[in-house]
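Starting off, we have a lone chain in the form predicted alone, written out as structure tokens.
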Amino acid sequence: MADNLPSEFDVIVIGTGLPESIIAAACSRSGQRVLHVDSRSYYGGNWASFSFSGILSWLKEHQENRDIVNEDPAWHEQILENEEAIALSRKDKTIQHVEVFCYASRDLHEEVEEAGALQKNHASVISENPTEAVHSAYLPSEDESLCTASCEMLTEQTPSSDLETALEINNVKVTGETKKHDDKTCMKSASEEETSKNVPTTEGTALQPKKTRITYSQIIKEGRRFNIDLVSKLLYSRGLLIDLLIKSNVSRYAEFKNITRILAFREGRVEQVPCSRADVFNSKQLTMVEKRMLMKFLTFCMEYEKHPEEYKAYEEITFSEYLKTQKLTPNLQYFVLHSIAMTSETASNTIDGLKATKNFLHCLGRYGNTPFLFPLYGQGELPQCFCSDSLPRNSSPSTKICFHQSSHFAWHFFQLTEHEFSPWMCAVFGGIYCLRHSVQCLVVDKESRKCKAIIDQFGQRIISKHFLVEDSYFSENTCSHVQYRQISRSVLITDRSILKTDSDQQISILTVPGEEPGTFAVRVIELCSSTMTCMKGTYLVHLTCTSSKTAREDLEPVVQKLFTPYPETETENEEVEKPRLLWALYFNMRDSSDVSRNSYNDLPSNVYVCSGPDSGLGNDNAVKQAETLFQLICPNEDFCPPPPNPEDIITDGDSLQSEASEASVILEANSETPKGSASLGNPEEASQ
């Protein structure tokens, strides 16, 4: 029962995103009593990763979340005369404009084995009234349109003789379609319907030999091999997060893969960019003169601060204009701007561009030939790494349970209490971790104007000195003056890489410049199956940019340039230049990273706000935010120091030690954990 929770803590953290998890770990290591809670049933919030069935359940959960009606809460009775309450929201409004499309066919005779998957009557989700373009960086209010996939339609609800039916669900039009093509059916977007009518089909096609085709049923059956990130990021090898993982020894909970190549999109073609010294001199794309020009400029960027006379006169212009003054060919200017500095023509000034280029070069070679790492099993592992900072040594045994099946940590079994306290962040350093545990309100003392407690879903009042709250938990009243930016996101499953090579295990990053002045560049990250984020024979592709419209409007033009929808029929000798799309998801995500604390209404001084993911490539913003807030709570304390040896902590006798060994039974990881994954402890070995 919830009343078994202790009634007092030093720090209460609401939300399990990356900043909140880092802060909870840091405070626990500093001896603070930490309560870490999340109303969700999964770790990470908008930093989470999901299996394929998990992402469908997440979509359904957001549709149900939108229908929640805030009723008059019973906790009002617990607020005393000298207190007032700050109500927290029951709705998560950080995700908008969700649209799902499935292009892969599926054999009707194959059974769906993954829970939460689409049934035989597939559905593509489109807006009934498409949102008009918004020409600023701010989207319409979150209540205006949330198109969420309702992906489960029972066969009995739609007779097989009906070729088309329509459902209206909260301003979302779900179009079901069943067509027979050699016992195959395909879920298609409305824009594809006309195209499919013109595609000739012949009887007996199924009898002809064909290339192996990936069907929707295969994706569902292999759904647990997918780890689909809500936010797409990479780790700079000398970035703040890598340094923190090494310093705190939290890196022992994760494995990483090197990004193997950096790509550029020019004149309708994808090509590889030389970035290291060896790549430059081995490149066939550059002339010998260009190679010398590029090496000279990159050498200057590594120590540009020592030569202010080279850039001082150009500080007020864009980095793109500055490159034109450096005797670089258009070819080199493009590579440096979009694939090394990873910016656009208008986004960065000269100093920002030089800093970005130096950072890129500084990170080269630490763990591989590119500056970037990617965590195996997806970005959702990182919050869990900080939550698994310590294993319980004094937990009371109950049932053994396996957490978060889409995660690498699904192979770890622990003793839990009936309260679903997670062991990730507890006993040794004094923290308690609860999922599916919502907080109704913050209790504020009228006289001191400080927050003194929370009231949870069971009506328990829990006292604390400091409160950290993820932005999405605040109500509309608290955020009425906040202007949020938005991030446009797309997740694609494809059948091959955007740049085919001898190896099918490439991990790539590509920046596609905006087509028109003022539009944002789109970052593309392509993951292969060795990252443990997708099934063999497929690639998982993430597209990200700052929003100017809905996610589909922002990103679909880039998708059309790089990919082609998976055809319903294909001939034996058909050659398709572009990778085929099997499945696509579009959504907008709130970006609260630049919101000032003063924008929130009447927050007590001991209530701190943690923002969600930003649109940047790295995680430096999350680490800086966590360290800043930690110093406010624990001034003069070391931020995430290395942990002490557990043998030095547990001194209560053999009984506790034996209990601890039972409580931390760790099954051997999946036998498919790829070889060659990077260990952060030894950069030289990892690079090899």
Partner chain sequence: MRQAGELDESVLELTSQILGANPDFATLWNCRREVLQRLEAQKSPEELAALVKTELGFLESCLRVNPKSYGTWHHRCWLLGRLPEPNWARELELCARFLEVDERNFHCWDYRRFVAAQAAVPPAEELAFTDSLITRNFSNYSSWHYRSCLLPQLHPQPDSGPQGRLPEDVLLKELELVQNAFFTDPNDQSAWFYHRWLLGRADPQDALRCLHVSRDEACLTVSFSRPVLVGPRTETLLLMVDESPLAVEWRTPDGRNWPGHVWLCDLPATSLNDQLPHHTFRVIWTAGNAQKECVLLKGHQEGWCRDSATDEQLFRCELSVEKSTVLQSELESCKELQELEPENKWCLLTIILLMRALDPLLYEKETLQYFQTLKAVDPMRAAYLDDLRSKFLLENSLLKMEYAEVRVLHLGHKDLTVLCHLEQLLLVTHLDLSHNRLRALPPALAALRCLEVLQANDNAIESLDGVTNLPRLQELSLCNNRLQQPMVLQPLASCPRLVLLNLQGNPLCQAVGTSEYLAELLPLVNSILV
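Numbering follows the first chain given and starts at 1. For clarity, every value in this text was computed on a predicted model and none was experimentally measured.
Below, we refer to the form predicted together with the partner chain, which is not included among the displayed structures.
Colleague: Please tell me which of Lys324, Lys296, Lys578, Lys536 lies within 4.5 Å of the partner chain in the model of the complex, judged by heavy atoms.
Modeller: Exactly one residue meets the criterion: Lys296.
Colleague: Ok, Lys93, His466, Lys291, His542: which has a heavy atom sitting within 4.5 Å of the partner chain in the model of the complex?
Modeller: It is Lys291.
Colleague: Taking 4.5 angstroms as the heavy atom distance cut-off, pick the stretch from 275-283, 95-103, 231-239, 213-221 that is near the partner chain in the model of the complex.
Modeller: It is 275-283 that comes within 4.5 Å of the partner.
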